[in-house]
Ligand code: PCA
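Only one chain is included here, represented as structure tokens and corresponding to the form predicted on its own.
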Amino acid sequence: MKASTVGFAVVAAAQVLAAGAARAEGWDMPTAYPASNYHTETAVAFAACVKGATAGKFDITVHPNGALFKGNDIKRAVQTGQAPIGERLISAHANENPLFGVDSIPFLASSFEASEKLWKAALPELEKLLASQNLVYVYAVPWPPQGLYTKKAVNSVADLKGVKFRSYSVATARIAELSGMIPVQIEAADLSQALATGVADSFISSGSTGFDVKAWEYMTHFYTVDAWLPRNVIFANKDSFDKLSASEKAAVKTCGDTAAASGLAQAKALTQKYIDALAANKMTVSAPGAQLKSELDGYGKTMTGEWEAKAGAAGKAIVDAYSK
């Protein structure tokens, strides 16, 4: 090779290395929901906010629909550093610690306002718990109130006995147990297939999830029982977060606050839209009848007491603060 050629190669290599050094630092962010879901859209907006706040030096790439890690693997992936940041339905981990299920205690906080109050009461304890697991809390966004999807009219709990019921958390599994349904563990990304193949005949979820999976293709009824408003929590690996500069940490936190506010506003705005979409697609949408509502409220009281007993002093303090 001629000296001039060698010199060009050395210069070119140096230019590539310099370009790489100037390129934005990258984080991959696994999420469990479709790109069109407002939670994913909020995550994408959060990533764009961070990139803008750092003048393009810090870039977060969102991977929707369980493409990078399945929903039930995301939290562990972030804890162990396989992913530096991720989004997870936090109540799905209530089996690890009951505090993770505080947002899904049936009928304790059944409106956006009540849900915000409960979350504010619980957040200090949740941040400490996440920190103990090598996680840094970034933000959370609620789902719309959870309704009951069925393949038939349901007038009382007796009508649900023996029905195959999609379970994704401690709370949903316990409701199945109390009502005599058969719980089947199904992640959000697998719900459409489970409904299409008859693995599940009923589930409790928001209008958003029903819209995403086109529930009207499999279900006939949606009851607005407003069971709870679970939250997707975005958390970062603490080791990865600690390596960020002070300005990058500030960007993550500030953009997280912005994402929480915009995600909440979006959830409120979309709630009726999703319900209207279910009705427009010929599902019967209605409030639960008096008997069904009374029976479900009874389950709520039972499960609130059970949750407090499991969560101990911290749980009692949260419920007491919320109830004031």
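Keep in mind that this is a model prediction, so the values were computed, not measured. All residue numbers are counted from 1 along the displayed sequence.
FYI, the form predicted together with ligand PCA isn't displayed, but the following is about it.
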- prompt: Heavy atoms within 4.5 Å of ligand PCA in the predicted complex: does A188 have any?
  reply: yes
- prompt: Is S202 close enough to touch ligand PCA in the predicted complex, meaning at least one heavy atom pair within 4.5 Å?
  reply: no
- prompt: Would G86 count as a contact of ligand PCA in the predicted complex, using a 4.5 angstroms cut-off between non-hydrogen atoms?
  reply: no
4.5 Å heavy atom contact, Y168 and ligand PCA in the predicted complex: yes
query: From the list F222, Y139, W143, W119, which entry has a heavy atom within 4.5 Å of ligand PCA in the predicted complex?
result: W143
Which of 70 to 78, 234 to 242, 95 to 103, 205 to 213 lines the interface with ligand PCA in the predicted complex (heavy atom within 4.5 Å): 205 to 213
Interface residues of 213 to 233 toward ligand PCA, as seen in the predicted complex [heavy atoms, 4.5 Å]: P230
